[in-house]
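Quick setup: one chain, the form predicted on its own, written in structure tokens, and binding and motion questions come after.
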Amino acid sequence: MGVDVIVFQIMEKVLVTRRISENALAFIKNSGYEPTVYTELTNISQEDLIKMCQGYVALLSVGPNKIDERFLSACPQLKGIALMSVGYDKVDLEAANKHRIPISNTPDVLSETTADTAFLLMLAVARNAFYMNKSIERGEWNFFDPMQNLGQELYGKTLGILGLGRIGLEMAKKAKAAYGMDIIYHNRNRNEQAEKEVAARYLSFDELLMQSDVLTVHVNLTDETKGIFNKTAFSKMKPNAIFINTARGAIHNEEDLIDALQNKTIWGAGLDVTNPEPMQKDNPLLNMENVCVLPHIGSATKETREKMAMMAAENIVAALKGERMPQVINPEVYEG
């Protein structure tokens, strides 16, 4: 008489640190893995994240989670970590390589959306849009004075870009098409594609500061770029200059930016990123006429967040299957 044997398959578990699209979660589950989502609307301390990761074989990290030696040495069982972001300044890649844990990000899919946000901020700052809206709420829409509430035009002005990569190029295309702006830029390396497509001119960083009417930032946060926009940098910019940052808040020194705006060293600023985040409600930037601040929403469209989540999910599944993550940022782990 035969005996029926029932085999129970233990699904490997994936920790997801924020709510993401149902399609991405379904993709992970349909691939044979069990996603667990942290649904509390709070940041997770590193200590708590380490405790939470025990028993999981992969991490889909959403938000400012610090992935360093302490974390990685405490979670050696992880087969892969997928970031739902382009930036990876919170990751110690040297430590990840040491522990042979692949890390991935989500490049390309948010270039247009983030450039849209930079363009929105540029136009809003140029016309004092946020401040003027607040003036209506304060009941200050009264007597018409043709010499008040004056912004500045963007037609034919010079757009300077620090970091003319995918996002920077999308911003350059929009500015050139809409306002016929001249494009100048500074990178570690020349971008010949951009020079052909938008007639971008390569300049030194100091020349970029001195010649830009609008200066928009699209670089990663590194030791080299941290605090690069400080008192010295702002002092070299034009008095009519608009500073736009949609990259990382720590790229600009916020106290120096406030001083530059209050002293009229530069004309205005548009920020989608601040330092720290979230910004305190009593921050003087929020009450300045020529400043527009957004709560880090550069990629915040349904379409883009769906693409980001799916890309992160695909990277996680690849790692769990023992395959190379399609968007791996430390390919060294696959060598040797």
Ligand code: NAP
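Bear in mind the structure is a predicted one, so any value in this text is a computation, not a measurement. Just count from 1 along the sequence shown to find any residue number.
The next section is about a form of this same protein that is not shown, the form predicted together with the ligand.
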Residue among 159, 257, 167, 242 with a heavy atom within 4.5 Å of the ligand in the model of the complex: 167
Position in contact with the ligand when the complex is considered in the model of the complex, options 189, 148, 262, 204, heavy atoms within 4.5 Å: 189
4.5 angstroms heavy atom contact with the ligand in the model of the complex for residue 273: yes
Residue contact check: residue 296 to the ligand in the model of the complex, 4.5 Å heavy atom: yes
The ligand contact in the model of the complex: residue 218, any heavy atom under 4.5 Å: yes
Contact of residue 247 with the ligand in the model of the complex (heavy atom, 4.5 Å): yes
Which of 83 to 91, 134 to 142, 67 to 75, 262 to 270 lines the interface with the ligand in the model of the complex (heavy atom within 4.5 Å): 83 to 91
